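Let's start with one chain on its own, the form predicted on its own, as structure tokens.
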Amino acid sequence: MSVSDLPKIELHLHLEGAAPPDFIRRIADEKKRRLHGVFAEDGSYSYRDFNHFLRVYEEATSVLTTPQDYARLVTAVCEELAEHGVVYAETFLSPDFCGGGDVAAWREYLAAMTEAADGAEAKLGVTLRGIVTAIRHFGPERSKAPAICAAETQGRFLRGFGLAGDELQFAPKDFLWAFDCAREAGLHITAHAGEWGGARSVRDTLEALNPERIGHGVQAIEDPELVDILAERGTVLEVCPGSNVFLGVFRTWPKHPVERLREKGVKVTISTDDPPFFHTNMSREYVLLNEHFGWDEEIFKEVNRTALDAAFCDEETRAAVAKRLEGE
């Protein structure tokens, strides 16, 4: 069996960022919306750098304006996940994009996405769960509405709260109100850090927000003491190697620190982040990890067990996914 054929768990996946370009183009055509600067000549997404990527992401997302649009998106993303052997995934959702942060509107979007996820699970065997994220570059004040939306609607499908967007904007402590709100509601906590802000951003996030998981976190490798802290605390990193290399966080796959972090006892998992934007998928991630770091079936099984233990789902779901990982 090729490593790409192994069943997989993905914990770091932005829902809109996982939208196939053809899907976004089709929605835009249906609504007679002209998207400016979103697509390259070959039909793929087009952007210059990370900040431009954020603007293109938001422009592409702008055509998704109804609960039904998001239900269709969930189905399309689950079809992509199934194609690459993903049996369980957690996806980042933003009430800022789904109803403008209004709780009543958000409930309608969430109901549509939940129904679509349940249908995809029955048809494709992919379990999807949601994590609400505040958008960091929108600012601390705007993070409160997504936190309230998450707190009001947490349940079987909606499991966590996090922080995404431009990591160089604001400090983690600025978002403490939102994270306290989510934590008090019983939501699990993750936050992006250590993708662009260096090891300091990981340390600041740990100290201010005390997350169970860190999105990316790979720049922690710059600080050996911090690496030891991550290992000792058991903080799980949602590592997205293909994304990091594509965006130039690390110049080449051999320079990526995922294996060094794993060897130091840090709990690492593997995800794709925004796969069509970064020209990757979970099959490709596995093949390149095997090629560059010698990861074999046993290591991938270990990493997936770590991911399953760190998943924000309920225990009944965890048990069901464990059977799928074993091929039952």
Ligand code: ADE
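Keep in mind that this is a model prediction, so the values were computed, not measured. For every residue, the number given is its place in the sequence shown, counted from 1.
Although not depicted, the form predicted together with the named molecule is the subject of the following passage.
In the predicted bound form, segment of 28-36, 299-307, 266-274, 60-68 with a heavy atom within 4.5 Å of the named molecule: Residues of 266-274 come within 4.5 Å of the partner.
Contact at Leu54, Ala164 and Glu195 by the named molecule in the predicted bound form, all three, heavy atom at most 4.5 Å: The answer is yes; Leu54, Ala164 and Glu195 each reach the named molecule.
The named molecule contact in the predicted bound form: His216, any heavy atom under 4.5 Å: Although the named molecule is absent here, His216 would touch it in the predicted bound form, with heavy atoms inside 4.5 Å.
Stretch 15-50 - residues with a heavy atom within 4.5 Å of the named molecule in the predicted bound form: Heavy-atom contacts within 4.5 Å come from Phe50 alone.
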